[in-house]
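Given as structure tokens, the chain that follows is alone and in the form predicted on its own.
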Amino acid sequence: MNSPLLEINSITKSYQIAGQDVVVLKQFSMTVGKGEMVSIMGPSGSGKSTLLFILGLFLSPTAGTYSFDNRDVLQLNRKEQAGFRRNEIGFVLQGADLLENSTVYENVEYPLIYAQSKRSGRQKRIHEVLDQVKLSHRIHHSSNQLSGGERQRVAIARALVNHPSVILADEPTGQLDRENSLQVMNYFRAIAEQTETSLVIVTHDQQVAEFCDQIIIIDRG
């Protein structure tokens, strides 16, 4: 494994529900290296999505530590957390979540607008990431005109556009057929090897998991 990018140690997440303490994650630890692909597997309700929300700083753990590039990111305030997500993390969700009735270009440009990137450099960067997922020829097409596999590739390009250190992917192939699923995983592997971007991928698919360098199974937290 390459040098560690993120490390979580003894992470616990619990909620108070009807006066009862419900534990979702219990003393969970993991390390992800730079450029490493890690799959997270487990039954529904086992805590996989909760883990991704903690890694993305959308949820705070009840206990434990989270170090990202040697920074204690649990100590960041809300504004700093937003900057961390904007600069360090890309997200790919199961349904792609593209802006409907917008072009591929506009969908990929959105994170650059949010990050207040200079307009003069946006077009070059958008072309670069669309080249990575072999979709430059669809740049001016509406997202509504894309196939399921193409939509997910746009979502990957959008996740890459701000040069994230890690991509968090929640069932990125869950709505794709086998051919498109394998294509998406090949793109992920190329991204990891060429840019040292790390990937944490929640999946139910054993074949998807086997593309990864590390498989972690969560069961009842």
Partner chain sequence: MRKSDLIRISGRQVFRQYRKNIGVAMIIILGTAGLIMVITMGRSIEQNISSDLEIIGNATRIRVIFKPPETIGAIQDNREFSDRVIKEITRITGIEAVAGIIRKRGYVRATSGEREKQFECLGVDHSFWHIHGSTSLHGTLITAADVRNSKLVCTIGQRVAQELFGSVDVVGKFIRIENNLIEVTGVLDTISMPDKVRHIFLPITTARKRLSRMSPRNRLYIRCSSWDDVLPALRQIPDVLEKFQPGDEVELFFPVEILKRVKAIAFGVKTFVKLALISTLFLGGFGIWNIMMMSVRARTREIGLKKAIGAEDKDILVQFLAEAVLLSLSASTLGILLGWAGVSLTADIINSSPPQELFWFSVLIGFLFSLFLGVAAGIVPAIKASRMEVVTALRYE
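These numbers were taken from a predicted model, which means no experiment stands behind them. Positions refer to the first chain, counted from 1.
Here the subject shifts to the form predicted together with its partner chain, a form of this protein not shown in this document.
Enquirer: In the model of the complex, is there a heavy atom of its partner chain that lies within 4.5 Å of any heavy atom of Thr50, even though the partner is absent here?
Expert: Result yes; Thr50 sits at the interface with its partner chain in the model of the complex.
Enquirer: Are any of the heavy atoms in Asp97 no more than 4.5 Å from a heavy atom of its partner chain in the model of the complex?
Expert: Heavy-atom contact with its partner chain at 4.5 Å: present for Asp97.
Enquirer: Heavy atom to heavy atom, is Gln123 within 4.5 Å of its partner chain in the model of the complex?
Expert: Contact check for Gln123: no, nothing within 4.5 Å of its partner chain in the model of the complex.
Enquirer: Is there any non-hydrogen atom of Pro111 lying within 4.5 Å of its partner chain in the model of the complex?
Expert: Yes - in the model of the complex, heavy atoms of Pro111 and its partner chain come within 4.5 Å of each other.
Enquirer: Would all three of Leu146, Arg178 and Thr195 be in contact with its partner chain in the model of the complex, where contact means some heavy atom lies within 4.5 Å?
Expert: Negative, none of the three is within 4.5 Å.
Enquirer: With its partner chain taken in the model of the complex, which residues across 143 to 172 come within 4.5 angstroms through any non-hydrogen atom?
Expert: Going through 143 to 172 in order - heavy atoms within 4.5 Å of its partner chain in the model of the complex - there is one hit, Arg158.
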